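One chain is shown next in C-alpha cells, namely the form predicted on its own.
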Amino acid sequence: MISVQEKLKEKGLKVTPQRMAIYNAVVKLNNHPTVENIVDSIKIEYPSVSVGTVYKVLNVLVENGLLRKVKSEKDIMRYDAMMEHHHHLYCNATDRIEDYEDMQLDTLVKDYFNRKKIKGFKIQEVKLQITGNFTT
C-alpha cells in the first residue's frame, strides 16, 4: 500500500504535516467525515489547526484526486478517501453514508444509458447515491 507521503509526492504536492494528518484522518475515520469531524480528529496532535487550513488542504487533496467530495442529502459536504469506483448508501435517519460496490448494477446502468444515447452528452462516469434507512 502506498504511503501518504508517496501519494502526495506522486501528485507533485509538498509533503506537510497538515496534509498528512488531514488525509490520514479521512482514511482513519472511514465514515465520509465532515470538516468538523476531521478537525476534531486532528486537534489532539495539532491543537492550533484552523478550520480554514483544513478546508484549504481538503480542496487541494480533492483537486489532485486524492479525496472525493460527497454531499449528503442534508447538503453537508463530506470527504471520501476511496478513489475506486463505487456508489453510496445514504441513511436519512442517521446521515450515515456507506460505500456500495456492485458490478452488476454498474453494468445495468451503463447498458441502459448506452441504449438511451443522450443527445449531445457523453457520459464519463455514473455514481449513484441510494437513499433510505439502515435497519438493525
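Numbering starts at 1 and runs along the sequence shown. We call the rigid core whatever largest set of C-alpha positions still superposes within 1.5 Å between the two forms. Predicted model, so just to flag it, every value in this text is computed and none were measured.
Below: the form predicted in complex with another copy of the chain, not depicted.
By the criterion of a heavy atom within 4.5 Å, residue 102 is counted among the residues contacting another copy of the chain in the predicted complex.
Although the partner is absent here, residue 90 is a contact residue: one of its heavy atoms lies within 4.5 angstroms of another copy of the chain in the predicted complex. The closest heavy atom approach of residue 51 to another copy of the chain in the predicted complex falls outside 4.5 Å. In the predicted complex, residue 120 approaches another copy of the chain with a heavy atom inside 4.5 Å. Heavy atoms within 4.5 Å of another copy of the chain in the predicted complex are found in one stretch of 70 to 78, 57 to 65, 26 to 34, 41 to 49, which is 70 to 78. The partner is not shown here, but in the predicted complex the stretch 110 to 136 reaches within 4.5 angstroms of another copy of the chain through a heavy atom at 112, 113, 116, 118, 120, 121, 122, 123, 124, 125, 126, 127, 128, 129, 130, 131, 132, 133, 134, 135, 136. Once the cores line up, the CA of residue 14 ends up less than 2 angstroms apart between this form and the one not shown.
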